[in-house]
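Encoded as structure tokens, the following chain is the form predicted alone, with no partner shown.
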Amino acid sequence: MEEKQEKKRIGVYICHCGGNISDYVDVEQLRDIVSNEKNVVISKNVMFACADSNQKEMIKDIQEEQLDGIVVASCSPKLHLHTFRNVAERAGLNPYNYVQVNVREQCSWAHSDHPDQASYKAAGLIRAGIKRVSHSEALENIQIKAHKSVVIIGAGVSGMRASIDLARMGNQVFLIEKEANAGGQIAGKGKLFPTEQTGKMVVDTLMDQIRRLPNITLFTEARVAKVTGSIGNFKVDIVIQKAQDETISLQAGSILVTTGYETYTPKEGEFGFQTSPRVITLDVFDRMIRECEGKLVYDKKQVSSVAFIYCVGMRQSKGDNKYCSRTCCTSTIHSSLVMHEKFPRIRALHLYRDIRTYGKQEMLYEKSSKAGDIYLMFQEQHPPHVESSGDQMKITVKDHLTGKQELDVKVDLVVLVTGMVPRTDSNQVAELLKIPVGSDKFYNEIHPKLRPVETVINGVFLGGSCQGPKNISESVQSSLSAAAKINAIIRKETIELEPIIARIDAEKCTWCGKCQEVCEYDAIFQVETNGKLVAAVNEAVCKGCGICTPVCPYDAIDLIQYTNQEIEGMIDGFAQDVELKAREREEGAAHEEGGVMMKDFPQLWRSIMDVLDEGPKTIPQIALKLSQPAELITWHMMTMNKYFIVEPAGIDENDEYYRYQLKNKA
């Protein structure tokens, strides 16, 4: 591989982060040290690197000083990597000639008890960043063509609803369902909260909309047999299992997995299940309510009392299912209310560990209590004991609401409340699509908050309860979120992917196959070049994980942006000697920009409190009074508000700023 030309004009920006960094790391001294580094032409301290004003200043520096590389020493790249890449791009600098160094989480926060050591470490990290950017490449995003079509695996409510939205956005949709009918678990449900529609009504409404959309093709009694290709150009082979198996190949730009869940089946003997005659699951009980008329009958005997036992098979400290299934409490209380509505005189007992009817569902719990339902609380270490007692079932429970008093209750029927568990065939789908599976055995998204419907496989998305327990509304919301993400990707003719992938040096490679063996994404394949077999990389599939690089015996693989030159340069930069003068920490001492160190916070806070003693003030008013930057006062005021020292006191007369006052000072 050719050696890249070293960067000659590098700009370095060290962020105070409003005191988060500068209170522990000696940013002024680091600025001076960095300014003497080879090829560094700008070395600056900034209060907030991510602020709009500083971004504009950086753009100006890049253009006027003709910078060919920039380093920002601030917070985690997870927060602002793309922020500063965009700054570089707006200034005309290739965004991949930018390096972010984390001196907040890795220095000031991690070593707040040893500020001098935090400064030494920060110096090493910044020098490593300078060495890295000096060997960086100007890269272009990988562009691939995309099919404007989507394969959705699983035609439950989530998959059906997503297919409708995707079709309405102009995409061809292939909806694949392994059962004979669409609708999934919801198709067999009775009345649903809060609409009181039955599951069948919901499914029929969705099916009617699907039939009206010509660009949705529904395959029932079909399973996915093979998936090849990558984002923009997946090839999905499905087997239709009817009179005789028929294989069909579908082309898709993206894949959405909405395979749903199964309901936990209690083990034999668990709370008397299958060993006692009158112990059933909630699903069976709901079906009884729908089918019985006039009176509730089970096993030819009228039911006048029911006990619901919650968390069966869920929240196990020593079992497989350690998670809460979230929807069970609401489902059970709703079933109890439906029972009261249809069979008014039946007595209901609820044996629970915690009631989790969150949001609007809390209304059901209140309604159930007013209907006369009795709630008894037990703990996992003291579960209810269930045994037959003549024509009834006897339950012994330690009720924690009455000081662990042991109670014996007799009922006609025991209903076990079971939660959601992953489908038994979920591993097969995971293996076909390379989807990671979590410790709870549901499919894993990249990040539950930042990227909640994306998987590590580009172009493969998740929706509904295949990710974990969700109610209908939550399931549909997640699948629609995935639909929006998918449409944003495939609506254009081309898809842009980050170029941070493995790169093969064909001259060094002899094709031993070791890289292909360890690649979890099937991104490496064999090709013939200049008469010899060598490895090649599928750019659309490679995730840039780097697992292939250390196994190559001939060092023929480099990871773009993590090349040998860059990594070795970072090591050299971090290993350089650092000479730091002892930092002065006099009481009341301030930074050049007017900031203060952590030990001086109380002094500044006292100054702010003295100003607020005169009456409520806005942040600009406090900053003007104390001759301090408004952004610094903002940072301190938010901290003081967090610790209940100050509180908001309404908006000023111009409706521009909040006023603040001392807590408990009217």
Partner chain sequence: METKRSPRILVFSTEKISDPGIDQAGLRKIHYSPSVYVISLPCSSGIKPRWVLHALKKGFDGIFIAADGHECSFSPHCAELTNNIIVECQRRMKEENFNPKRIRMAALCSVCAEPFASHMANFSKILAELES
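Note that the structure is a prediction, hence the values are computed from the model and not measured. Residue numbers count along the first chain shown, from 1. Note that the rigid core is defined as the largest set of C-alphas that superpose within 1.5 Å between two forms.
What comes next is about the form predicted together with the partner chain, which does not appear here.
Partner proximity in the predicted complex, defined as non-hydrogen atoms within 4.5 angstroms of the partner chain, places exactly one of 145-153, 218-226, 514-522, 368-376 at the interface: 514-522. Taking the partner from elsewhere, every residue among Lys121, Ile446 and Cys545 has a non-hydrogen atom within 4.5 angstroms of the partner chain in the predicted complex. The partner chain is not drawn, but in the predicted complex it has a heavy atom within 4.5 Å of Pro436. In the predicted complex, no heavy atom of Asp354 sits within 4.5 Å of the partner chain. At a distance threshold of 4.5 angstroms between non-hydrogen atoms, Glu105 is in contact with the partner chain in the predicted complex.
At the 4.5 Å threshold, heavy atoms of Gln172 stay clear of the partner chain in the predicted complex, well away from it. For the options Ser76, Gln274, Thr402, Asn141, the one in contact with the partner chain in the predicted complex, meaning a heavy atom within 4.5 Å, is Ser76. Only one of Asp440, Asp116, Glu89, Asp165 comes within 4.5 Å of the partner chain in the predicted complex through a heavy atom, and that residue is Asp116. With the core held fixed between the shown form and the other one, Tyr554 has its Cα displaced by at least 2 Å. After superposition on the rigid core, the Cα of Gln381 moves by less than 2 Å between the shown form and the other one. Superposed on the core, the two forms differ at Ser74: its CA moves 2 Å or more between the shown form and the other one.
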